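Here you get one chain, nothing else, as structure tokens; it is the form predicted alone.
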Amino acid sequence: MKRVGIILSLVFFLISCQSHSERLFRKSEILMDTIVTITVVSDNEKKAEVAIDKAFRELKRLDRLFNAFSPQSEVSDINRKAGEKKVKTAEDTVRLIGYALKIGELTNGAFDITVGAVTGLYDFHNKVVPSMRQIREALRYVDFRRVVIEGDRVYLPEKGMRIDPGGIAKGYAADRAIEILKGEGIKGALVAVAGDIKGYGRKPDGSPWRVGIRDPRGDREDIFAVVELRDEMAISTSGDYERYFIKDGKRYHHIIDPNTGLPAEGLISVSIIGKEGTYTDSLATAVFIMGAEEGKKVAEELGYGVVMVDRKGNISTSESIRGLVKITKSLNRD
């Protein structure tokens, strides 16, 4: 996949004019292979513009570190030098990988950042499915416990190992962008890195940020639930509709089970809601792979709520977040 660097919107514009001084300002760009939108609450257009531009600069910096499709990134350098040498990395790269290893432990390997050895075999553009022999060979290199971090150096001990940060990098980036906006004195903001969204504060009218969860079998604009993000909260959604193709009647999607090397089955959409985008992002992947019962239990034990949809269209929601989630339509196909 080629990384797209085109700016979607260079124009900084006002999206809501109201009688009070605080207003909403928004800017979008194509970054991290997706559309990134930052919306802020401010009473000063210049202040809002400076804060948003600073947050985007941070996201671009992180993309240069984490983008596994760019040969210049630190993640690519780590993968290229697997089995050869330790790679000196930036603090954020070490932190991201450290988070990934921790979440790998917490999910008993359902989230495994070294799954790149397998995910790299699939070609979703050309509808290429690897053979089971290729998958079995690649699974030899999948084990997050083997990743070595020593200070600012990261090492993959065997040639063929490959880090894939796709299941955690966007959530981490949303967290960092929010930190930047807070540091610039912005009272409220919403950062959306595709399906990884984080907000804090409230809109100018005092209402919370509201985020829709997409119907996994509907059009892009179709939603089946609306979630309120109160105070400081993040939401991440993983679904089998995001990157997939149909071949011989079977759906092949990008959420690969690190135990089997095959697309995970059972659920078709998982949304995780909680404080940190780094966790909501990675847990959305892990819960999707673990399945409804075990995945929901692990997420809730970590203090994160879950909205899940299974293959029959049944919707399940954690008790702790039911006051934040409004189901707007049924998906049941029975």
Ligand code: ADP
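Residue positions are given as counts along the sequence shown, with the first one as 1. Computed from a predicted structure; not experimentally measured.
One more form of this protein, predicted together with the ligand, exists but is not displayed; see below.
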query: One stretch from 132 to 140, 227 to 235, 181 to 189, 251 to 259 that, in the predicted complex, holds residues within 4.5 Å of the ligand by heavy atom; finding: 251 to 259
query: Among the candidates Asp164, Glu74, Asp175, Asp215, the residue which, in the predicted complex, approaches the ligand to within 4.5 Å (heavy atoms); finding: Asp164
query: 4.5 Å heavy atom contact, Asp92 and the ligand in the predicted complex; finding: no
query: Any non-hydrogen atom of Leu156 within 4.5 angstroms of the ligand in the predicted complex; finding: no
query: Exercise: Ile97 in contact with the ligand in the predicted complex, heavy atom 4.5 Å; finding: no
query: Arg243, heavy atom within 4.5 angstroms of the ligand in the predicted complex; finding: yes
query: In the predicted complex, residues of 281 to 298 near the ligand [heavy atom within 4.5 Å]; finding: Asp281, Thr285, Ile289
